[in-house]
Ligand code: PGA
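For reference, the chain that follows is the form predicted on its own, supplied as structure tokens.
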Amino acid sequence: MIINFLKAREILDSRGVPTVEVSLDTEKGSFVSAVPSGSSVGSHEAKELRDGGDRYMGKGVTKAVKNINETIAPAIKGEEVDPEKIDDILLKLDGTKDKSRLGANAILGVSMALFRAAAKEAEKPLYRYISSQFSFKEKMPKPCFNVINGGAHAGGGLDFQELMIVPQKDSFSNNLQIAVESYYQLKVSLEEKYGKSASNIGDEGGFAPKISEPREAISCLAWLGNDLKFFIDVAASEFFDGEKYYIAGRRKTKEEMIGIYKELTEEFDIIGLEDPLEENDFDGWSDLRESLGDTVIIGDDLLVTNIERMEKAFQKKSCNAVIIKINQIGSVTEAISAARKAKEYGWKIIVSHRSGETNDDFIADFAVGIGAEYIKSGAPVRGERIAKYNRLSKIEECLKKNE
């Protein structure tokens, strides 16, 4: 099966910000992928290509689209649909370490479409193609639902970026049901205590009440009962001023932040902390991990789905879990390599969406295919979030039937 046609266009993501959509045609059909984008972005991530200027306030992606249509398409048209080989061609065509020439958003859109085409050629669902082609064991991930939004995802005043509930049932469908029921229970409770405006929502569908104290916000999750555990995405780099952490109107040292986390994890059912310290403090992360014992310490901005940074974190014992974001590294093959490395280290894997999402459900298959322990795709509302959860429900049905 060869690539007959490749074309990109500019579409809008869930925030109304331009992003890239790619269509790749073979004799077996047309395969479409849409690229997500983050608002809280690690400084070491692969670079999106944005236009600058006045159009869409500089956020247009016509340059990335042009790179696909005029540079990538001629280079791969007529090639066999081999995702690993073509991804390698794309990386060499770009020729930069951070994908700043063609743009990570350009490369990823093509990479995702290639994987879909290859799965079709293999006559397998995407998750099974990934698991079989790259020797992973399929697994349904536990979902983490971002029900209170803060930081760069909302304007409520909370510095911590995501407060997530993690239901603990054995099936994905049961966990999804619990999440939906908990979400609307939380809505009622927040409105009763803080007024109607407390149920305003942020970028990822979670509520954005005007609460600035992390402990107070986390206590709202505790209203939901004893059957839930919590993940907290602190996104500490967002409120680090170069010397200290500016949180809830007060500056805190690293040692004080570690003390805060210790108190919170002892008081609440918090099983995981994501980006609890700034993205370059590998030694500080190591101190925190030692202090917090069994708590899962999750690297996102610290690692950016990048094997070199993962290796450093492993050597420093900075974390024991990784966020995998395919757009953070810029190609599906590289994200798979990062997942392999995480499994080699014995780390837990959390596959993640971005705050600027589309209705593309690629990461649902990806999470199952690589055998990730967790997936996060926002609150259990809004089409771009639900697309992933609905796809996971269908995959669970297929796995039960051994399809």
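We number the residues from 1 along the sequence you see. Given the structure is predicted, the values throughout are model-derived calculations rather than measurements.
Here the subject shifts to the form predicted in complex with this ligand, a form of this protein not shown in this document.
> Using a 4.5 Å heavy atom cut-off, state whether Q161 contacts this ligand in the model of the complex.
Yes.
> Given that this ligand is not shown alongside this chain, does S355 nevertheless sit within 4.5 Å of it in the model of the complex, heavy atom to heavy atom?
S355 belongs to the contact set for this ligand.
> Examine R289 and determine whether its closest non-hydrogen atom to this ligand in the model of the complex is within 4.5 angstroms.
It does not: once this ligand is placed as it appears in the model of the complex, R289 has no heavy atom within 4.5 Å of it.
> With the partner left out here, check for me: in the model of the complex, does some heavy atom of V41 sit within 4.5 Å of this ligand?
Answer yes; at least one heavy atom of V41 falls within 4.5 Å of this ligand in the model of the complex.
> Does the trio H153, D300 and K325 actually contact this ligand in the model of the complex, every residue with a heavy atom within 4.5 Å?
Affirmative, all three are within 4.5 Å.
> Specify the contacting stretch among 330-338, 31-39, 367-375, 53-61, defined as having any heavy atom within 4.5 Å of this ligand in the model of the complex.
Flagged stretch: 31-39.
> Only counting heavy atoms and a 4.5 Å limit, does any residue of 258-282 reach this ligand in the model of the complex, and if so which ones?
Read in sequence order, the lone residue that approaches this ligand (within 4.5 Å, in the model of the complex) is E274.
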